[in-house]
Each structure stands twice: as C-alpha cells, then as structure tokens.
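Given next, in structure tokens, is a single chain: the form predicted on its own.
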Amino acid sequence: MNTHLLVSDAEHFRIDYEINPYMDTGNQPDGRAAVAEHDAIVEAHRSAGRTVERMPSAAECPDMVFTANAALVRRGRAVLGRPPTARANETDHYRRWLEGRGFEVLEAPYAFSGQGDALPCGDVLLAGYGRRTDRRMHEFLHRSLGYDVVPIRTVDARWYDLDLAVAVIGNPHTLAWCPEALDRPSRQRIVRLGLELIEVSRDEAEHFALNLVSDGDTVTMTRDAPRLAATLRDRGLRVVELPTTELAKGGGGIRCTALTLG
C-alpha cells in the first residue's frame, strides 16, 4: 500500500490559472520554499521505506508537481488522467514515462482526475465524480483495472478531488473521512462498506488533513491537522507531519504529489 511512488518536482510550480478554489494568480508560491516542502515530502517517503521514482517537471506544466492526477495504476496497467484543459500538456509526459517503464497505458475516454479521484481500498475503488471526473469513467475503470467501484460525490468545489475528503489509512479496513464533504448517498455508500471510519472535522479537512499518504504503518500528512494526527498516533501509527503552505496555494497537499505505482 503506497510503497512504490512516482513524484515529480516543484521547480516550475506556480499559479498560471485558477482551476480550483484555492488557486489565486495574485498569490504566488515562494519557489524556494515550495521546493523545500516537496523535498521534505520525498525524504519522508524514503525514510518510511517507500520506493520513490522521480520524473522531471516541464516548464510549461506548472502543476506537474501534483503527480497523483497523472493516472490510476494497477497490476502493470495505467489509465491516464484526462485533466482540465489548463493541465492537458502534462499527459504526454506521463504517458512517455509510464510506457518507458513497461506499463500498459490506456487513454481515459472521459474527464478523469487520475488517482486524485480514485482511492483503492482492497478490491474496492472509491471513485469520485461530478467535479473533474465523468461518472462514465467508473465502468471503464471497472473493466480496465478490475475494481469494484463505489461512486462518491463531494458537495462542492472545495473538494474538487476525492482525495481532499477521504483517505485510506489501512488498506482495506480503515478510512478517514469528512462526512460533511460528501452528499448523502455517498455517505451511505461508505457506511455500508462496513469499514472502520475515522471522522475528520471540516476545518481540518479544508486544511488538507486528508490529503495524506499512508502505508498502513506510517502516515505522512500536513502539520495543519493536529487532531487527526493525534488520533492516528493513538491508534499506534507513526505520523510524520510536514509543512504544505506553498503547495496548498495550488490546491494540493501530500497525497497530490505522489502517484502510487504499487
């Protein structure tokens, strides 16, 4: 679970457009601080024993640091993301990298936010839709990758990707979530899964608490969610809290910066 990750870098990270409520072209990230944040995240992954592969970002792709949107990968297959037009230039870079590493790469037939809207939990895939992912992608993901898909819809654009509202803590048995971020049918679907659920406040979720990476033993997360961090430690997990102030200006956090390869 999240032991083999692909990351890019923050060398070209900037706000050239506004495609989520957190982005403001008048509030640019500090370049050096953003690189330092990203480097600290990568080091935390490696310290946790995760394998990290890196691909360089492209100057024309200011959001390429958020590699989670690149694809969804399972068992040697990768379904490419189909992002908003502003990020479309990223796709060819990811396609070449994945093909070069031997993955069978499939094109998404509809809008798809990659792993940002697709959270594996055992053989179940919690799959967002209605913001950046077309619900018709769910059947495609079921057929292409073999997941049992559970459709999940967030209530507004603050949760533009599902990985801002839900996090897999222990695969396949424990989820952290912000119920207020999901519509009623989605909340009911999650409860019916019978998993152990950790509830996170809306305030901490809005500070990217759930945009985390867990391998079941170590959780790497933002330092801006102390209540969730304490809850996870009480459960015996090792928790590494890191600053994400500059990355948050692009609407992303720690989960956004890593694509799970295995």
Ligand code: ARG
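Everything quoted here is computed from the prediction, not taken from an experiment. All residue numbers are counted from 1 along the displayed sequence.
Another form, the form predicted in complex with the ligand, is not on view; read the next lines as being about it.
With the ligand omitted here, the record of contacts in the predicted complex names 64-72 of 64-72, 49-57, 217-225, 193-201, defined by a heavy atom within 4.5 Å.
In terms of contact with the ligand in the predicted complex, the residue from 129, 147, 160, 97 that brings a heavy atom within 4.5 Å is 160. Across the proposed site, 1, 122 and 261 without exception lack any heavy atom within 4.5 Å of the ligand in the predicted complex. Although the partner is absent here, residue 20 lies within 4.5 Å of the ligand in the predicted complex, judged by heavy atoms. Contact between residue 164 and the ligand in the predicted complex is found at the 4.5 Å heavy atom cutoff.
Proximity of residue 116 to the ligand in the predicted complex falls within the 4.5 Å heavy atom cutoff.
At least one heavy atom of residue 87 is located within 4.5 Å of the ligand in the predicted complex.
Contact residues in stretch 239-258 (any heavy atom within 4.5 Å of the ligand, taken in the predicted complex) are 250, 251, 252, 256.
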